[in-house]
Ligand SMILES: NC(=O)c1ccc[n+]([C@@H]2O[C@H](COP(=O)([O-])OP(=O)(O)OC[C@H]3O[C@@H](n4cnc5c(N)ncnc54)[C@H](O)[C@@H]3O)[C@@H](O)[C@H]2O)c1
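Let's start with one chain on its own, the form predicted alone, as structure tokens.
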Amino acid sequence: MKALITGAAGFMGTNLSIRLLKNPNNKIIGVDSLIRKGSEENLKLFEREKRFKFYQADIDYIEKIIKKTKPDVVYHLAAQVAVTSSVENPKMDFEINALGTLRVVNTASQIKAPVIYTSTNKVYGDNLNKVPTIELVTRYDFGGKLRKKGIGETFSIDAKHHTPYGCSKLTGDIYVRDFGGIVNRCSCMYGVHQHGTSDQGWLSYFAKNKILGKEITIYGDGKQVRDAVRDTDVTRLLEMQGKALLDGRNELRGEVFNVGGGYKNTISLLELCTLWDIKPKFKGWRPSDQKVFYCDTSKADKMLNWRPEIDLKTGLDELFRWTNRNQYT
């Protein structure tokens, strides 16, 4: 398989490249702008890998690269990922996430290469805050029928207050499905080779700041809950999807999967602070922050026999150890 990966030096792009290169028959075409902190460090992992061809380029050049390299499958992982940045500059956010994704799927379709896309739970917008919730001592949780089950793929995306980021990712989401690709609406992903910031990758960000003795600020009351899924579980799913499409499983074309750790791998910000002995400061809520999100992953289980395997405690211990060895400040 010859796979083109956008965002190849990012967190998930790096881990996906590592996984795919374990198969000696696979080749990787990596594309990344290298503007994200830590991406150049990640890229060094592939310096001597002959089956990894790298292009430093932003999304404006993606059409030329796809036409030149003619991959079998495209993993579109590159994105503008910060809600705060999308509010500050919605035009830039749209051009990268919405227009950029259209360029990817339109060009890939011309060479008959399917696209596998990482989307976000933000496509559900403020609808999640309309779900009945309960408030416990350290967390919020869904009430009623969704408690311990989570959000499935049929949950409505017709919502107010997506944030510009949610709007742009939803636009890309729709285009990928319309062109016959696969969409993965991801919850909180974490793991090695992640260089988190206050805007994205919060588990990594908390670990780094704890290790460096820096102040940590929580926006809201800290009872917000997410289901966390380890990088190895996500890349395993992405690899399975690529193989399935190339094997002719056309029933997967146009499908969407909610990808997360599920209820058993949920954690709130306050609970993480207790686990890592963090004493945070608090500020006001961010726009359209979702109090609770965790996935119902039963569709991926049914169609691809995929379910998260790494339990949260084990994964967080590994994340903390890796971050402690790789303190890029």
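Residue indices: 1-based, along the sequence shown. In this text the structure is predicted, and so the values were computed from the model without any measurement.
In what follows, reference is made to the form predicted together with the named molecule, a form of this protein that is not presented.
When the named molecule is considered in the predicted complex, only one residue from 174, 246, 186, 157 comes within 4.5 Å through any heavy atom, namely 186. Distance criterion of 4.5 Å from any heavy atom to the named molecule in the predicted complex singles out 77 from the list 182, 192, 225, 77. Residues of just one listed stretch (174-182, 217-225, 246-254, 118-126) have heavy atoms within 4.5 Å of the named molecule in the predicted complex: 118-126. Residue 316 falls outside the set of residues with a heavy atom inside 4.5 Å of the named molecule in the predicted complex.
Although the partner is absent from this view, residue 51 stays clear of the named molecule in the predicted complex, with no non-hydrogen atom inside 4.5 angstroms.
Residue contact with the named molecule in the predicted complex: residue 10 places a heavy atom within 4.5 Å of it.
A residue is said to contact a partner when one of its heavy atoms sits within 4.5 Å of a partner heavy atom; residue 301 fails this definition for the named molecule in the predicted complex, lying far away. Highlighted residues 206, 269 and 288: none comes within 4.5 Å of the named molecule in the predicted complex, counting any heavy atom.
The partner is not shown here, and in the predicted complex the stretch 249-288 never reaches within 4.5 angstroms of the named molecule through any heavy atom.
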